[in-house]
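Only one chain is shown below, in structure tokens, and it's the form predicted on its own.
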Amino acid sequence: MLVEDQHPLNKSIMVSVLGVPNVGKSSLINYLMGMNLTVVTTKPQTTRNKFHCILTVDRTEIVLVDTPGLHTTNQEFNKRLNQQATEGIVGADVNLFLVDLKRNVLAQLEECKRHFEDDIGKSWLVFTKTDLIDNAEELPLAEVFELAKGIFPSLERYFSLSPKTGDNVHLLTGAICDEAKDGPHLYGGEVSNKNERFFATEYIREQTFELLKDEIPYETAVVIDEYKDFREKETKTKLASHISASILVNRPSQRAIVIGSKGSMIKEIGTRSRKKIEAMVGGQVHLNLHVKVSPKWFKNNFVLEELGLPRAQTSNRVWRAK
């Protein structure tokens, strides 16, 4: 719904943020937002759903579309992640392709190209993690950019920056604002098109990635069983939120690890998650976590639908009991 009674000089723009896993997409969005809205961990392929993050600069509304990392896969779960990423360009005015300067830039773009059959429109190349490169300003980025246009002819310009330190991010922000068109804002002060329930699952899952090792974080998922707000009767002021969530694992042995000795691991996941959720909602949160064994949940269409991952065009059409 458009916000009524808007200023006549308002502008808006939608920007998709694309790239292979672990190039700094969510880190860049968090820096631009000025808050840790999206999940960021040291492990690749943390983002699983596309969603909008809304930033307002002066009278310009910037809608940033965070997307999962693009990668080649034959697994059902990952096919749906790729579908989420490729759908991120729908309605976008500019597509940002982020590439990690510490890795082969052209190989990253070749991987992205596999997922787009047609021309995707106006695109910019963003070299990231310049803080990890000695004398990054001396790199022949202009030459690399010309080679990159051979992969994505729609690339118009490039930027080099660091989502971690913020170096040169202002140049990208300014260019985005310059590209914005006159028009009403789509959101009325919200920071995302997702609700608190969504981010609660994200922040719990973030802690599983931070605290658990090896493949276990990738074989976990989080579903909200109950989310209730308790309010004062007269003023309707929120007093506290009660959240009950389940952490799904693939095998019984993983359940024991997630719970930990005498419940130590699940307690730590809960404590860290609760603090971050409280910071988001601005109030007290009562968080109850449970660990459930759901064999091969990442192949279970019922579970994947519940996680907000609808079938992709290349999805298998086998349905299993939930």
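What you are looking at is a predicted structure, and each value in this text was computed from that prediction instead of being measured. Quick note: we count residues from 1 along the sequence shown, nothing fancier.
Below: the form predicted together with a small molecule, not depicted.
>> Since only the chain is shown here, I'm wondering whether Ser26 would be in contact with the small molecule in the predicted bound form (any heavy atom pair within 4.5 Å).
In response: Yes, Ser26 is a contact residue.
>> Under a 4.5 Å heavy atom criterion, is Ser294 part of the interface with the small molecule in the predicted bound form?
In response: Answer no; every heavy atom of Ser294 is more than 4.5 Å from the small molecule in the predicted bound form.
> in the predicted bound form, does Leu309 have a heavy atom within 4.5 Å of the small molecule?
Replying inline: No - in the predicted bound form, heavy atoms of Leu309 and the small molecule never come within 4.5 Å of each other.
> Does Asp131 reach the small molecule in the predicted bound form, with heavy atoms at most 4.5 Å apart?
Replying inline: Yes - in the predicted bound form, heavy atoms of Asp131 and the small molecule come within 4.5 Å of each other.
> Of these, Arg251, Lys164, Arg197, Lys113, which has a heavy atom no more than 4.5 Å from the small molecule in the predicted bound form?
Replying inline: By the 4.5 Å heavy-atom cutoff, the listed residue in contact is Lys164.
> Which residue, Ile62, Leu289, Val40, Met265, has a heavy atom that falls within 4.5 Å of the small molecule in the predicted bound form?
Replying inline: Comparing distances to the small molecule in the predicted bound form, the residue within 4.5 Å is Val40.
>> Based on heavy atom distances of 4.5 Å or less, which listed stretch (26-34, 53-61, 266-274, 281-289) is in contact with the small molecule in the predicted bound form?
In response: After filtering at 4.5 Å, what remains is 26-34.
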